[in-house]
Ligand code: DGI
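First, one chain by itself: the form predicted alone, in structure tokens.
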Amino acid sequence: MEREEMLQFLKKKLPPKRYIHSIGVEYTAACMAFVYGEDVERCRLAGLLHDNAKYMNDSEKLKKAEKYSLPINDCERRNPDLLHGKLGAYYAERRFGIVDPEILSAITYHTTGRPDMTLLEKIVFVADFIEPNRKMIKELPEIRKEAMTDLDKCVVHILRRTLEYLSVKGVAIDDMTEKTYDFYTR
């Protein structure tokens, strides 16, 4: 499927802010690919499609994940919004014809990360957090600088910030986020 068709689909399905965010992640991932010597097209594509399943409500995400026999952990059952990565990868393959396993994995883990991420996965994980349209938080300028100078340090910073935020909010923390943080801080 051509980029224009993907854009039309995303514009039709996603709320306007999410559509703009997706283009921001696409752009940011492509810029980071230049910095780190990763394939620009693969990063761009994973960035554009990372939230392609974000248009569904939580009960719909859960039903679709069950229908497609996607693995669902306890945290995802309590917070089905976390399933948008797995569903996004499923749809990227079936709806958009993406067969590159690394792009599909980057979409799957763009929210939680995963231990021993590939360069492409790290780029999409970080690009999702730092893209230009993100709400400004106190640490964002520092995190954006790290994203272009020390990718692993940036990944740890984002994971630490995410775990602290979720703890303060009292929201269930996905085991994968904790495992990823442990992997990168050991």
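Don't overthink the numbering: it's just position in the shown sequence, from 1. Please read these numbers as outputs of a predicted model, since none were measured by experiment.
Although it is not shown, the form predicted together with the named molecule is what the next lines describe.
- The partner is not drawn, yet in the predicted bound form one stretch among 46 to 54, 27 to 35, 64 to 72, 147 to 155 has residues with heavy atoms inside 4.5 Å of the named molecule: 46 to 54.
- For the candidate spot formed by Leu7, Arg42 and Lys86, no residue has a non-hydrogen atom within 4.5 angstroms of the named molecule in the predicted bound form.
- For the chain shown alone, Leu82 is a contact residue for the named molecule in the predicted bound form, at least one non-hydrogen atom being within 4.5 angstroms.
- Using a 4.5 angstroms limit between non-hydrogen atoms, Arg134 touches the named molecule in the predicted bound form.
- Interface residue remark: His21 is counted as part of the site for the named molecule in the predicted bound form, having a heavy atom within 4.5 Å.
- Taking non-hydrogen atoms only, Leu166 approaches the named molecule to within 4.5 angstroms in the predicted bound form.
- The partner is not shown here, but in the predicted bound form the stretch 168 to 186 reaches within 4.5 angstroms of the named molecule through a heavy atom at Val171, Ala172, Ile173, Asp174, Thr177.
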